[in-house]
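The chain that follows stands alone, in the form predicted on its own, written as C-alpha cells.
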C-alpha cells in the first residue's frame, strides 16, 4: 500500500512551520525523522493534506548548556545522544538508553521529539526522560509552554498538543554526583517493542527519588516520590531495600489489573535497580 496524495513543505524556521500548522482547513502532519510516520503513511493510518518536514530547521537541532540543566532541540536524533554529540548530564543514562533503541539506521534518523510526540507506550524516551525529570517545551499561537514529560503523554498515541502547537525542545536536569539510575526493558530481541520497562532515578543531593513503569497499555506509571520503594538513595545496595510488594501495589493502584502483567513490570523494575551497579 502507498500513501494518499499530499502536499509537502520544508519550512526554514519554527515560525514558518507554525504558520503552516495554523491553516485549520487542512489536515497537517509534522515529520521529523519519519521512522514512525513513514510506515503509518504507507499503511494509510494517517492521511494528511499537507506534510510539514521540520528536519531542516536549525533551531530544532541546537543544544544549550545551562548551569543546572541542558536543553536540546526536538530534532536531536537518538544517535546524537548515543554518540554524545549532546553532552551527557545524566551520568550515562540517556546515551545508554539511546544505544538500545531499535537499530543504528533507525537511530540515525529518529528524533527524540518525534518519539515523544508519537507517544508509543513501549518507546524508550517517554520512560527514561520521565525518570530523570525532564520537561518539554511546546510552541504555538499562544507562545511557549513547558510541561513535564510524563504529562505530555496523555495516552497511547496521544500527546498534549494543542491546535497549532509543536514540540520545540527537551530540558534535562543535571544529576548530582551521587545520583544512581537504572533502566531495563523486556523484549524478545533487539529492535522489538518492549513488553515491560522499569526505570528509576535516585539523586540524594537534589532530594529526588523517582520510579517509572513503562510499556503499559497507556502512559507510563510515574512515582515522583519513590522513597517507599527504593529508600532514600543512600543505601549501598538499593536492590536490598527495594520493596517489590509496594511496587506491585502502586502498579495495581494505577489500573494494571492482570497479575502476570503486574509481576512482569515489577521484575523489570527490580532488574533496573540491580543493573544500576554496572551502569
Partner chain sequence: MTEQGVGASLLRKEDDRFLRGRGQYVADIRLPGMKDVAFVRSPLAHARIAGIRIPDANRDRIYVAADLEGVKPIVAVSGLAGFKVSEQPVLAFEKVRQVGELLAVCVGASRAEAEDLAASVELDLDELPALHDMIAARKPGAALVHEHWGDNVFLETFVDVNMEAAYDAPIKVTREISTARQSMAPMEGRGTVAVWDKRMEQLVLHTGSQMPHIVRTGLAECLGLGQEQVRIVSPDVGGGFGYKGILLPEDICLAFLAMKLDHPVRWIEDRREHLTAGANCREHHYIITGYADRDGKLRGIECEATVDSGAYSSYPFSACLEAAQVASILPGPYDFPSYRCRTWSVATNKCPILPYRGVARTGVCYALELVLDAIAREAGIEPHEVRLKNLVQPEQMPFDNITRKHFDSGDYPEALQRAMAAIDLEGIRARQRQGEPDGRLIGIGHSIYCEQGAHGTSVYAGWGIPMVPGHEQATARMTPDGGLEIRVGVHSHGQSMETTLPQVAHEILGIDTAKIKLVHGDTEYTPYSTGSWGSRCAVMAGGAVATAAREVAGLAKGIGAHLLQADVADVKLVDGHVVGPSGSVSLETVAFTWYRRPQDLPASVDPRGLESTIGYKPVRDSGTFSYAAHAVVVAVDPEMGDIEILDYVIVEDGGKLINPMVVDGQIYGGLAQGIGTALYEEMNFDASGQPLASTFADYLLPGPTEVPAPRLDHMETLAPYTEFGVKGIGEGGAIAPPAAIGNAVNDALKGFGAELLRSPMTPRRVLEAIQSAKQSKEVLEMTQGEMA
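Positions refer to the first chain, counted from 1. Owing to the predicted nature of the structure, the values given are computational and were not obtained by experimental measurement.
The protein also exists as the form predicted together with its partner chain; that form is not presented, and the subsequent description refers to it.
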May I ask whether 6, 10 and 146 all come within 4.5 angstroms of its partner chain in the predicted bound form, judged by heavy atoms?
no
Contact between residue 158 and its partner chain in the predicted bound form at 4.5 Å, heavy atoms?
no
According to a 4.5 angstroms non-hydrogen atom cut-off, is residue 177 in contact with its partner chain in the predicted bound form?
no
I'd like to know whether residue 190 contacts its partner chain in the predicted bound form, with contact meaning heavy atoms within 4.5 angstroms.
yes
Is there a heavy atom of residue 43 no more than 4.5 Å from a heavy atom of its partner chain in the predicted bound form?
yes
Checked 96, 122, 108, 186 for heavy atoms within 4.5 Å of its partner chain in the predicted bound form; positive is 186
Counting only non-hydrogen atoms, the one stretch of 108-116, 74-82, 163-171, 190-198 within 4.5 angstroms of its partner chain in the predicted bound form is 190-198
